[in-house]
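Taken one at a time, structure 1 and structure 2 that follow are two forms of one protein chain, written as structure tokens.
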Structure 1
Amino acid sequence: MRDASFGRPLSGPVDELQAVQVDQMHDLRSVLQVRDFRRLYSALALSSLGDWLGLLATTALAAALSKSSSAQLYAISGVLLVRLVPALVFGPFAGAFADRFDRRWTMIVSDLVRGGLFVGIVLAQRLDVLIVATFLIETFSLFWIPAKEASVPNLLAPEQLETANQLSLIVTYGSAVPAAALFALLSSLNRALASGIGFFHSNPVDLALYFDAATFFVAAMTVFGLTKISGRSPRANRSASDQPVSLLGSIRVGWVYVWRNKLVRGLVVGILGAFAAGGVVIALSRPYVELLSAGNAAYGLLFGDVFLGLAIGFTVGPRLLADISRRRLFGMCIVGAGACVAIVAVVPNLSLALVFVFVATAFAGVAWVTGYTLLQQEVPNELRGRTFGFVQSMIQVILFLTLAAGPALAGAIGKHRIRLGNGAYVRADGITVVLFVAGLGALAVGVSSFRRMDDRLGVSIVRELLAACHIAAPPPPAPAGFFVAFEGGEGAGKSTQIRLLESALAAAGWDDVVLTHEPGSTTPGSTLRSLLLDPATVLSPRAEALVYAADRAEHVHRVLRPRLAEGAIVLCDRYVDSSLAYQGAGREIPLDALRRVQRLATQGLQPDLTILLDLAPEIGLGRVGANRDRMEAQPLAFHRAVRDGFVALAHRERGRYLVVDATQSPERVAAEVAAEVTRRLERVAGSRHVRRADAAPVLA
């Protein structure tokens, strides 16, 4: 375990959890030492306390203002429903507003208006006023949230954002507990005052509402001194042609950015998919408990289990998994949460359900912190408000839909069992089916997000997880540049396609493209190449494999690693897979033995993308002609085995391979290759040092 700040091993008998706590306390202190963030955090705490206290007080007042029990239920339902409606109407405008106008004043005015509306609720004592005021309070909350989220990166260093988001989520959701205790205390005080003062007798929750208003007024005063969070950018109000953009146009720009940026789109889809599954779980939690033949006590345990899992995910999870790429971790956690929800749907008893609910919500907590942090880091300041406004409004919409649709779908399916004989059966009731489908849906979304955002192509996920848990050695770090290997049989057109790709990349602005080949790209390698390709050379299969490995070891040491470290895009004609195909499939040397030799030669360096130009050997050898080197002169059966070897490798590692039909025209092959290389380059550019002609190096 290492100290996150100083990079040295922690001394003494400190176990893993203690080490996590040491690192975390250091990070918390460093973030809270930033005065402006500390003040913004205080404002968030007050506003969050006011939100929760307001929810309790307004629903209680709605019940108090209604005469019958059914009217009370309708009134409470109306208050809860109207809290979700503003997101449907004003969500997009709130994000654009945060980008176009002063964020500090947006937060101040929102807090002042919310405090004033709570005072108005007290003075009016009418249900219609309560409903309208609740709608307006939620509307101004909708403007407050993206302004706050977009402001945090302006106060902290990028490496502090994850800790800041942990703190924000803890206070946002953790303040529900003190709000509940405070509401109970104020209600008790209100009852005590009611015995001597008639005002408090006729207005049982007014004290809580006044206190609620005060939290927003104090929060506004706290934000007033934070001049650094203005965040207004002139670029947010102008188009690419430097013309002013309308509010609707500004919203469109934000949505187009989310859609076109693959990383941001993956983050947004992942966050929304996770919330959709969470909404279904929340909506079905009470009938699910009854399905397991448990009662209110079990429901309370399940509810507490959800918040406990989230709390652990928020606080401990990111530190325990600190060595895993954050882009990978986000998708992996959504996959884990979805899988656990699917398991929860089918477990037979409450004890197992509590275990898997805890794990699912812990995964969700880690994904939430990680997703928000990546959004803050990746989205430029002038688009940050719109992005967070879009995410926040879509979360509300999805929660609204899932809370309504989940129970309805479960009810429509009804209660069913599939009998298996001997008294055994499988549950097929609506609750089980809807929860199971929701879990699978979240799992699919997590896989999709992972594929869009994976910045360590070719690095084993299992190995990275084992390394994070200190069970295995960490995988080698991903190279700084971008490594493309071209593979294929004789006459497939590798040299031609490498030159065409170099031209396409140069035209697209990538200015440091290196062309290399095996064997023979180094001074010792040129000697080895002459030996390997000379038709007069006689070598045993194993000797041939070792000579190729020797050339490759020198090539990696002298050319590949140094140029990748400089941020170059390296295009290599043949690499490890040629040895696996030619000496493995062709010479019938066991692949395990070959792989051990190649790991020694390459020190684990793998291509980001391997392009296989697939061509029947009869066609390829016809292109070569009569003047053939030692490898080209091998029998046709050998070349057929080589082709089969390449195809098998590509099938086994589909994520690393692009297989192209090399019988097409060179131009069509080049277009297909350039499109895939460009797509993958854009996918990793945010986390690699990759040089471009039209911009400074892109750094993680």
Structure 2
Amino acid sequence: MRDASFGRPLSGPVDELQAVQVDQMHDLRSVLQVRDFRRLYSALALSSLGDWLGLLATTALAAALSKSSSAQLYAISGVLLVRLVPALVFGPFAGAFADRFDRRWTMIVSDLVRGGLFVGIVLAQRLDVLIVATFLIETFSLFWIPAKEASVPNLLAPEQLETANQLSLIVTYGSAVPAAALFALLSSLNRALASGIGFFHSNPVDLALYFDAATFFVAAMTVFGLTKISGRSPRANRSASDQPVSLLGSIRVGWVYVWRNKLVRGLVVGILGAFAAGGVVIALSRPYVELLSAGNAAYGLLFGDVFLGLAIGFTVGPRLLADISRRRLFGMCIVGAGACVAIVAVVPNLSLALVFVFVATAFAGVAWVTGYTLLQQEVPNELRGRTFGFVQSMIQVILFLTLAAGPALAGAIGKHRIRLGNGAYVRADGITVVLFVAGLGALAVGVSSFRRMDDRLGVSIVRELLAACHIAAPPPPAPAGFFVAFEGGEGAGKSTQIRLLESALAAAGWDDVVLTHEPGSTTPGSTLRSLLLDPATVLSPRAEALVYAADRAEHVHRVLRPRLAEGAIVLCDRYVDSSLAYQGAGREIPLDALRRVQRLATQGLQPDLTILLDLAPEIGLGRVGANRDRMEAQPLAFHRAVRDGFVALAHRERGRYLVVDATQSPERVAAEVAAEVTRRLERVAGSRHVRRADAAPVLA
């Protein structure tokens, strides 16, 4: 029977939510179908379970090994403190390590050592060993995390990273619940066994610690099977000028990268700002509840509220807000979270506080997933470990500082009331002031990240939000950058000229120049390129045209439009005209039909300037040599028709073309091209967002 709802447009929030769930299941399945990611994910789940179990078991053991109750408290805080120290000392090294050494072995060794240390803790039964081992376990975890974060993008396509991050956050934090249950179960089992078997007498948490060790050993075996993630880049040990660099040198390169790259800096500052505000909220939640004259139950409720908000933010948030640009969404969510914290600071009511804490943490959850995903997508493989190592250790430092400084500051401010007359007053106690300032601080950081990362310049944020809620039509994308396409037959020298133009633009101070090409600049596109150019492929002309168009549609959607929207100067090796010349003039597909397909693929995106490097095919094919791909291997008559096709296109629309005689020396061609491009750039600079450089290139 036909589904009655088939073809009906989505209406109402219920349909919307169902569609979200269907999309989410589809994305989840597609990510979990990748065998290596599934294995890495199982290793993460096991290690996270081990981490939580370890936290419970070691603090319990610390208490059990101490005599008096105050010694117990000192021992517990000693164990917790010792977990924070490695991040301060080794954090930066851990990231550089993940870039310089084999990531798979880094993870395997970290897991084995952590497992071994847990066994050592049980065997020693001494507080000093426990503290040293905890320090070492935390240190090795610190090496494990950037190696894992940097490996994920090597296993998945960029568009799958958001789902992967959602899954990672869910297992990392979600495993706390089964870990707590398991701890309770293992402790009871240990007590039961201790009555009969002497081996279990020594301590009630031994079984939990052995189990914990086992989770790390199994995780190590799981990672052992992952051969694809070694991911170490030879460039990570070298500077931009290809000189070998020391470990300290490579840490410096990582920090310089984070600082100089505008987008990455926006992301890192946003993530750290959000954690700082989060730290203050956690540190002050207990006194805040007292301020509202509520008791322990309210404290428990508030705590549960935080986790619920985060969980909703991680899981459904990114999907519900799917139509908003990720770069904008990140800043917006931090602004939203900051505003809610500021409101919580001043509302004198528990129910309202619960609502705003929930919304704040849901925003924080979305910002977290989005921020991590953007970092993984933006940072190149060879710098990824260092970037994540840097972020991770800074998060720990900031959490540590805010947890310590928040209550101290609130205490220093003390309790005050400002009288307004008529018996009304405003609370101005330390807790309110510090929470309020933390909220405003996060809000300011969010605004700054938003402005730094905005990729829809000229599109109103309100309109985008209304469109995301399906209240208004989507805003038309505003071309902010400048788009140059290079065209020409085989061997015309396009790639050389693009590189020369890039250098000329950099020398003239133009910022954010992007080089790209068709076919094959996206993940699916590279598969299509292999298919199209493989001499063994047999394709009918129309199928060939459609495959080129499919590659273009993906390229426009994933690369060209987003980069142009950010104000980049995009230099593209081949675009629509190649299809009109090769498939139109060469394969004789009617131009009208071809143009319709192009409109579908590009949604009307046209270059600002097309540079045609004109060359007789006899000369061009001579430069290509004997080893030819499927298109180069076409007969000479085909290539002649292609050249005539290009020239005719340029003739029809002279204003948009620069035709250059490609028989000249590369330097002369480059000079002609650079002069025209710079002239046009100067002309549009006032009305577009193309920029002159304000900083040195990233890795210089």
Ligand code: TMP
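Residue 1 is the first residue of structure 1, and the numbers go on in sequence order from there. We call the rigid core the largest set of C-alpha positions that still match within 1.5 Å between the two forms. Because the structure is predicted, anything quoted here is derived from the model rather than measured.
Matching the description of the form predicted on its own is structure 1; structure 2 comes from elsewhere. The rigid-core alignment places the CA of E138 less than 2 Å apart between the two structures.
If you fit the rigid core between the two structures, you'll see the Cα of D629 move by 2 angstroms or more.
Relative to the superposed core, L46 undergoes a C-alpha shift smaller than 2 Å between the two structures. Superposed on the rigid core, the forms differ at A508: its CA is offset by 4.0 Å between the two structures.
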